[in-house]
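The data below hold one chain only, encoded as structure tokens and taken in the form predicted on its own.
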Amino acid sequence: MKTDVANRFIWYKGEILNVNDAKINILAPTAQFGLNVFEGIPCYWNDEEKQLYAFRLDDHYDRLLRSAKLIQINCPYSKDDMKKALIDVIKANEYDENLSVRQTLFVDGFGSWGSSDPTDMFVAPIPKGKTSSEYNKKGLNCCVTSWRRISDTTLSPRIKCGANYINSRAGQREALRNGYDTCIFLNDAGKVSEGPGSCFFMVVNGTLITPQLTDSVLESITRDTVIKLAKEQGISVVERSVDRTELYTCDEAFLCGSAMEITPILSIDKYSIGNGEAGMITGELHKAYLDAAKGKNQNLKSWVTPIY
């Protein structure tokens, strides 16, 4: 029998436990300073095949290990260990629906923000419908936040670590306080960066445009997926710096990420984007993304890992 979310099983330090039984030391560096790195791994149910697929799993683990290297914490687990933990805990929950799986390496013990170990891991799956509200909307009304995105000279957005998301929180809380769904950050140079946990794309005259990786954005797996899917469909893609005023005059725009998938932006700072509805190219890319993630695109079958 599948568990309810409040009593689901998670993988924690080599054991599969009820989430309420997974305890951590309150003085651990992960609790005090957000000293952890993580991945949000999307898994999609293919009803025709009765199979659950993890999407671009190796790419997620490669990025997780890069994050651990850059933040300088030791990792005692191999990619095979990580994969086995993810598969085992999903099977323990008997999930047959779309999931978001949080896989986190964290610094435990009694150290401080300068500690590199002991490092351990947890793996916590959750049905997509139970994730944050901004990840379950059909369209987004955004603002440009007054907070600037972290940069490679301060705390690199290339590192997917818990502490980085306090920057995301500042922008997101400002957006919610002012009546928006979410926000878009500018970088230190005043160019468009990304959303809080999502990458930005816009469409201008049929061309798909996104900020460069050097514009203070995460090396997003979903961003890379969108670019490759667009090129497969013959859509022109340009990676370049984007000015704020371009946001207000583009034909379409969307945010994308493992949790958000591809979600249309309906307005930015109360400027309607296009006709204020999801654009055609946005819709086509979202469908292509879901087909790939569910293992329906035979040319991209290498992107999915079967769970069952």
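The first residue of the sequence shown is number 1, and the count goes up from there. Computed from a prediction, not measured in an experiment: that's the story for all the values here.
Although it is not shown, the form predicted together with a small molecule is what the next lines describe.
- The partner is absent here; in the predicted complex, the one residue of Ser67, Ser258, Asn36, Thr263 having a heavy atom within 4.5 Å of the small molecule is Ser258.
- The candidate stretches are 105-113, 92-100, 190-198, 75-83, and the one lying within 4.5 Å of the small molecule in the predicted complex by heavy atoms is 190-198.
- Taking the partner from elsewhere, Leu218 is found to have a heavy atom lying within 4.5 Å of the small molecule in the predicted complex.
- When the small molecule is considered in the predicted complex, Gln172 lies well away from it, no heavy atom lying within 4.5 Å.
- Residue contact with the small molecule in the predicted complex: Thr145 places no heavy atom within 4.5 Å of it.
- Using a 4.5 angstroms threshold between heavy atoms, Thr182 stays clear of the small molecule in the predicted complex.
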